[in-house]
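To begin, one chain is listed below as structure tokens, in the form predicted alone.
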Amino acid sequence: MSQVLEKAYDYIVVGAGSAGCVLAARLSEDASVNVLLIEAGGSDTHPDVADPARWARLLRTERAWQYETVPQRHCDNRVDRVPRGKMLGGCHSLNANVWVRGHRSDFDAWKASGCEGWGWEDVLRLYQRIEDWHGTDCELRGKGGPMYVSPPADPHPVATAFVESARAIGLPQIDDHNAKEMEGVGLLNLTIKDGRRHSVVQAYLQPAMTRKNLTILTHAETSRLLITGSRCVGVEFEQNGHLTTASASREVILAAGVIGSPCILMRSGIGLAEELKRMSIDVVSDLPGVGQNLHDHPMVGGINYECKVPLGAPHNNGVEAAMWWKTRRGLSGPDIQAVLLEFPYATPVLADRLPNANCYTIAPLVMRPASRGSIRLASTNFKDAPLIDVNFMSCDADIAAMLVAIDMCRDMGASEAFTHFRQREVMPRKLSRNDLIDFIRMSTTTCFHPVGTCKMGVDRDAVVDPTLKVRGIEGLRVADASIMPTVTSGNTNAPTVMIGEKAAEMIVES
């Protein structure tokens, strides 16, 4: 690995996150090409990164972009936090290490919308290539891949109680939500190896660091793309207070994430022409979908219970069990989820209701949100944070799904399975429907799964085509969670790693 900037590279990858690390590693397997990986943050060597139980501490440090939303008008005008990874590994270096592929219907819906090559059968082989699965044998799982995945070792008793509580209300227990069935309750798959975080850095980037044809620059923030005519020929970035450029003879691949990638495109003149002109940015390509289609899994934080015995420290990542279910018949896949948090969790406006730290949380989520938001530039200065509007709970369908999820979670929390732990339900407690909707608006927050701002597709609002090439611009692709047309049914890290694998494959084949 080189840290000396060359004049030109074959490929430049912007962003060393869940997809970017995969891309850099896979592209540099060809010794005849030179690859530059640019990361705005630093290394992932801090002790809190390695400890899976300390992920929440990282969210308010310099290892995360400290983004915030604009006031959410359908959630009491609250400002929500949108932390994103800012170090090698990106969000996989600060998330909860949960590995969820998504439901087969997620990917079949992508394919049905015109994204050929992205159906379930297409992406399954990529997941199998990625995984080194250490759990119940199943022909759908991968063995020997770079990413270590396993069930939690020694799960917390309250996580086991959660599984029993879901069974008590009639849900089936599933051994592996990434295998044949997803609907039901069970322990989660985790990317934790020997008690330590196992991210794309350990799985992909570190083995590639021995290669002389790979250059990795950290603390290098990309300001804009360099475009000649209709071709992207390189990038401009700041490192150590100095602006510099690097050129790419083949391709630039944006993997800067759901916030970073659309902002770089817009600063480079690619986006809604009317908006770019308003910002005095020269229009290179009028792509109205850039920054649009922003959505996230809304999560209620949360249904909290005071524990009558000492909970002790969280085990593993503190988030070891989950359930998925449908709110009504006829749906192609689950539209709600609940996760057990081995600690109290509430939005700031409700935090004073928590009696102490000896609480556990059942947090309901909506898997298929109808609400859509946007990301817009606040200025042309790449140092200025953008205007982020997730637009949570703007659609009645999301409220309706969350009401069902809350009812199920409270039934689980009140079941005999939690008798040993439950002192009392702290919140929301029994409320009228209107009061419960008010509670949803006060307690809805991010589940750290934003997607969609550089949507893949074939319609007018699509930013990239199914090969991830930016429409109207040669030599430029986007490969990260921003290309998801719709969010997958679960944590978005695994699908983003898959996107990196598929992008690398398509680039090599082309």
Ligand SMILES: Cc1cc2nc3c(=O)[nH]c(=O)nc-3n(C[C@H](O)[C@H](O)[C@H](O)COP(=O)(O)OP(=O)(O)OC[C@H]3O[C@@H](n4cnc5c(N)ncnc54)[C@H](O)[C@@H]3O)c2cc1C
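Being a predicted model, the structure only gives us computed values, none of them experimental. We number the residues from 1 along the sequence you see.
Note that the form predicted in complex with the named molecule isn't included here; everything after this is about it.
*Asks:* To verify the annotation, which of these, R84, H198, R78, H315, has a non-hydrogen atom within 4.5 Å of the named molecule in the model of the complex?
*Replies:* Of the candidates R84, H198, R78, H315, R84 is the one lying within 4.5 Å of the named molecule in the model of the complex.
*Asks:* Find the only residue in V35, V464, A481, V49 having a heavy atom within 4.5 Å of the named molecule in the model of the complex.
*Replies:* By the 4.5 Å heavy-atom cutoff, the listed residue in contact is A481.
*Asks:* Hey, in the model of the complex, does L27 get a heavy atom within 4.5 angstroms of the named molecule?
*Replies:* Contact check for L27: no, nothing within 4.5 Å of the named molecule in the model of the complex.
*Asks:* Though only this chain appears here, would I12 touch the named molecule in the model of the complex if you measure heavy atom gaps against 4.5 Å?
*Replies:* Taking the distances in the model of the complex, the answer for I12 is no, it never comes within 4.5 Å of the named molecule.
*Asks:* Would S489 show up as a contact with the named molecule in the model of the complex if we use heavy atoms at 4.5 Å?
*Replies:* S489: no contact with the named molecule in the model of the complex.
*Asks:* Quick one: does H177 come within 4.5 Å of the named molecule in the model of the complex, counting heavy atoms only?
*Replies:* Looking in the model of the complex, residue contacts with the named molecule do not include H177, since no heavy atom lies within 4.5 Å.
*Asks:* Taking H103, Q292 and V390 as a possible spot, do all three reach the named molecule in the model of the complex with a heavy atom inside 4.5 Å?
*Replies:* No, none of H103, Q292 and V390 comes within 4.5 Å of the named molecule in the model of the complex.
*Asks:* Using a 4.5 Å heavy atom cut-off, indicate which stretch of 469-477, 27-35, 441-449, 455-463 touches the named molecule in the model of the complex.
*Replies:* Within 4.5 Å of the partner lies stretch 441-449.
*Asks:* Using a 4.5 Å cut-off on heavy atoms, what residues in 93-129 are near the named molecule in the model of the complex?
*Replies:* Heavy-atom contacts within 4.5 Å come from L94, N95, A96, N97, V98.
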